[in-house]
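Quick setup: one chain, the form predicted on its own, written in structure tokens, and binding and motion questions come after.
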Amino acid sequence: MQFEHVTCPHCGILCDDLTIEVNESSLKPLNVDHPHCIRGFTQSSFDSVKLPSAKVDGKNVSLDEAINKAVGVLQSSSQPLINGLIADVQACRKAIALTDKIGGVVDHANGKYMRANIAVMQRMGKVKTTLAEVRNRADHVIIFGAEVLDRFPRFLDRILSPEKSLGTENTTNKTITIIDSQAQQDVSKSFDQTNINYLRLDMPNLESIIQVLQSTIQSPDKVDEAESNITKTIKSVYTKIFDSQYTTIVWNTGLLNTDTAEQTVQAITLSIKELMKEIRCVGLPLGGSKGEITANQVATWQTGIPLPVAFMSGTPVHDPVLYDGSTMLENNEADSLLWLSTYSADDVPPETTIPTIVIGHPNMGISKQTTVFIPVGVPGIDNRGLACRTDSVATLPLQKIRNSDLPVASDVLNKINEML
């Protein structure tokens, strides 16, 4: 059986034009060829005769037994951490409600990568755009890091080089400038399109390139007779911005140094604000490959603040340093962990010595130290759901395209909540 117009939740673009062939419990995308897109569906195949079983201390148990054990772990915990949140809107809602009930901390697995964009937005605001605006209005796009196009595989053909757009010929055949450092790994793209200008600069990292661009924007008329080829190249990019009508600057914080990502995003933001005084130039941070946009949107809807959120005081508190999930685990600041991850079998919980409950993808490999494992359906495959797109302006439906007896993550979380 074939299903058309299927939404793919395996990157933040949320392409909704996939055709998926379903043969019992096996899945195969028919109209995409990128390995990342294909793997998201094929790795969810399993033997329809033998469903993955819930486990307690590595032994197969019934779903009710696993839920009872999970309730016991959380009841005996004084500072539980709900982490992962690689899930759809409804599961994230239930996870946040559960965290509120038990007085714990909730954060996303990619929390550290979200912080930079959020912090700059909170402190100074941003000039951001949407995927539709880039597709239909932008005539020049600057991308920091060619790997962006591997992490978001169909960004190039669906947004940057669409067959049709609502704009002019310049927006359909927009100029794409990809800027990389020598330190970045080679990527799979050959960039043989005539409208792509790939600049691989002899600089240590993307951060240093962004600093040079910011300096050029702040002082474009500064004369330096001994300026390097790198500076000349960056100045040519600066000139191209003013030769265009609508430039979009694209980045992914996952490609930046985590320790300095906030300062780098701030440099991009200040550059955009300076350019906007004279020419149309906007930003588009890409994220959501593990559902972090969905999780953060839900947290903001439910609590009024972004992730991470702590409920120990009885009211939601946001402190990105004190309540960072990965740091809490490293510093032994949590005494139990509930890991929610439903999209990919690869997103396993971090190794830890504390009692761990995993509500996860049915094909997930779990360690022997996992206290409770409850396999659940994959949103967009085994159950309906909703997911938020990378630009935060659209929430797309996820279809149910396979019949299975796997429980729904939100139902499991809700039952745990009711029993506490």
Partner chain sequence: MAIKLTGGEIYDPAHQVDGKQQDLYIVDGKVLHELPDNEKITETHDLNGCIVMAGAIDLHTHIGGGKVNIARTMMLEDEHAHPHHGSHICRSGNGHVVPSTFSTGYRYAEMGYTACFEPAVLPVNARQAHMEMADTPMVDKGGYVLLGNDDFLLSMMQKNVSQSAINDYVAWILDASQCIGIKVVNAGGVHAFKYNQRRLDVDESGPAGITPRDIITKLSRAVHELGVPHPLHVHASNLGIPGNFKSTLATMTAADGLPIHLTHIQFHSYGTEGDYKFSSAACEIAEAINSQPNVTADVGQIMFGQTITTSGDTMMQYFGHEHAHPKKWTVMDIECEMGCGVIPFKYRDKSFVNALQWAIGLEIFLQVNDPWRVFLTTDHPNGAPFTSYPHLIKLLMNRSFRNDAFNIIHKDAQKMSNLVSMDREYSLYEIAIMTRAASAKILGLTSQGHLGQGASANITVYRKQDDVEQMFAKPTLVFKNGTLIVKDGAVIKTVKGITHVVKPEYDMGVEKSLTKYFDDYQTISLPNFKISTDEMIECIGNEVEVHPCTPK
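Computed from a predicted model, the values in this text were never measured in an experiment. Residue numbers count along the first chain shown, from 1.
One more form of this protein exists, namely the form predicted together with the partner chain; it is left out here, but the text below deals with it.
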Review point. Can you check whether residue 301 is within 4.5 Å of the partner chain in the predicted bound form, heavy atom basis?
Key: yes
Practice item. Answer for residue 136 alone: is it within 4.5 Å of the partner chain in the predicted bound form, judged on heavy atom distances? Key: yes
Check your understanding: Using 4.5 Å between non-hydrogen atoms, is residue 384 touching the partner chain in the predicted bound form?
Key -> yes
Exercise for review: Determine whether any heavy atom of residue 24 comes within 4.5 Å of a heavy atom of the partner chain in the predicted bound form, and answer yes or no.
Suggested key: no
**Study point:** Output flag, 126, 130 and 314 jointly within 4.5 Å of the partner chain in the predicted bound form, heavy atom basis
**Key:** yes
**Study point:** in the predicted bound form, segment of 327-335, 162-170, 212-220, 67-75 with a heavy atom within 4.5 Å of the partner chain
**Key:** 162-170
Check your understanding: Given that the partner chain is left out here, which of 237, 203, 282, 178 has a heavy atom within 4.5 Å of it in the predicted bound form?
Key -> 282
Practice item. Go through 61, 394, 354, 366 and name the one with a heavy atom inside 4.5 Å of the partner chain in the predicted bound form. Key: 394
Revision key, fill the gap. Residues in 83-113 that come within 4.5 Å of the partner chain in the predicted bound form by at least one heavy atom, in order, are 89, 90, 93, 96, 97, 100
